[in-house]
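Next up: a single chain in structure tokens, the form predicted alone.
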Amino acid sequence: MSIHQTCNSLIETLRHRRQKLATRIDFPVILWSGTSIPRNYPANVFPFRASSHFLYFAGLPLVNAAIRLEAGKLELFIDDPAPSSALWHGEMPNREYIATQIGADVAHPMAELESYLEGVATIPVQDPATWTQQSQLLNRWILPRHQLQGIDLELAQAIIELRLTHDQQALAELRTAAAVSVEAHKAGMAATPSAKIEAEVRAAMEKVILAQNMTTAYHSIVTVHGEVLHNEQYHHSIQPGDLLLADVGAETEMGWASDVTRTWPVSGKFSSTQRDIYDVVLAAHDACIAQVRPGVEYQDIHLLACTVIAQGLVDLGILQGDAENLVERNAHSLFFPHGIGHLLGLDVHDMEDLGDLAGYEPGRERSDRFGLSYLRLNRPLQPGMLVTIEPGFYQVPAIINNQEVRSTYQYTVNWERLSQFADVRGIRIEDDVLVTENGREVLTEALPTDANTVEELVCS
């Protein structure tokens, strides 16, 4: 890992974050960065990604490190590189240099961490080696997805309060990630006409991200099978008449994410049925973005998307009935089964390692209604929040071919009319939207969404 010169503004931002945390809790905190995980043998590891909670306060993706926070102060725990590491990894920065880069007050070897554990709170890191170490050192279960209790829960709630909205340093990173993602999608569209399989389009998109010394924020989805919501296969051939759905986002060196989806015709021209459905999804996308502003309930934005999609499908003769009544009966969720979006920050689903603690306002629980149960965010919007807006339409065989579903909705869905839209497997349109003091800012607006311009980008 290369350590770049950290500017004074970043150090001041990190100190400010730690001081804000200190106003919310009165106990010490230790946050671990995590460790590399072997891929198939010890020396061949997966790419390292530091814990986002660690990154938020430390600023650098340090391997096998920990920080202790108390009263706004930071103590760094990390070992100096072994002398032999220079052979394989080159000269690496020592502990004191790293401490200076992040504005640490004190720096210690990792072995000294055991002397600073009394009364500390923490949050589990995702890799097994680290959460096992956390549990052993603190003598209590520190497990991912385990219900946090006591001061660990208090710490999580305090960090959520800080990370729900973004400071200027974070926004600068998020804008950078968004801008690179926009260029990656344009490259993907341009590469599509000559591509034979999905992997070629993926390569064109990720090349743009890698060329900026970034990585992808999640496994890219680049597929002609858009009905598979998290498709991570890239071997399918690209045929005339297909739609290609690309959900690809960049992550900066400091760990901040973008999340963007576009759907385009591989031939450069939507069929009439594809255009009809695309315009329904786009109408929902535009209506939802127009509602983003402080104080608006995110669930209401989701329900607006459901209603717009339901009405669009009624207008096309696919659904039958009143749009609001159809949404109450979950008919829309046959084609739009997921939530309208989620928080975005250091994690592409920001702070989802904490379950619904971050996504749901205290006192709220997930609905048991199909579709609504997948809503990842249920809070009133605040200035500084970054959310995704990502409505979609999908013909998922496991849903629409289910006989029980067909029986339940036999008078609601015009199945014969639906069959005329067989060339629409999946369409999603997703942008990253910042809640401002008076409204919204679409960080990814440089990537067009209207069908005519999308067609032009593919053909250019």
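For every residue, the number given is its place in the sequence shown, counted from 1. Small disclaimer: the values here were computed from a predicted structure and weren't measured.
What follows is about the form predicted in complex with another copy of the chain, which we do not show.
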Students should find that, of 119, 90, 109, 150, the residue having a non-hydrogen atom no more than 4.5 angstroms from another copy of the chain in the predicted bound form is 90
Among 175, 275, 329, 207, which has at least one heavy atom within 4.5 Å of another copy of the chain in the predicted bound form? 207
Spell it out for me: taking another copy of the chain in the predicted bound form, does every residue among 211, 235 and 398 have a heavy atom no farther than 4.5 Å from it? yes
Picking from 278-286, 348-356, 153-161, 315-323, which part of the chain touches another copy of the chain in the predicted bound form when contact means heavy atoms within 4.5 Å? 348-356
Please run the contact check for residue 378 against another copy of the chain in the predicted bound form: heavy atoms, 4.5 angstroms, yes or no? no
So, in the predicted bound form, is residue 165 in contact with another copy of the chain at a 4.5 angstroms heavy atom limit? no
Does residue 97 make contact with another copy of the chain in the predicted bound form, using a 4.5 Å heavy atom cut-off? no
Another copy of the chain contact in the predicted bound form: residue 251, any heavy atom under 4.5 Å: yes
Is any part of 30-68 within 4.5 angstroms of another copy of the chain in the predicted bound form by a non-hydrogen atom, and which residues would that be? 37, 38, 39, 40, 41, 42, 43, 44, 46, 47, 49, 52
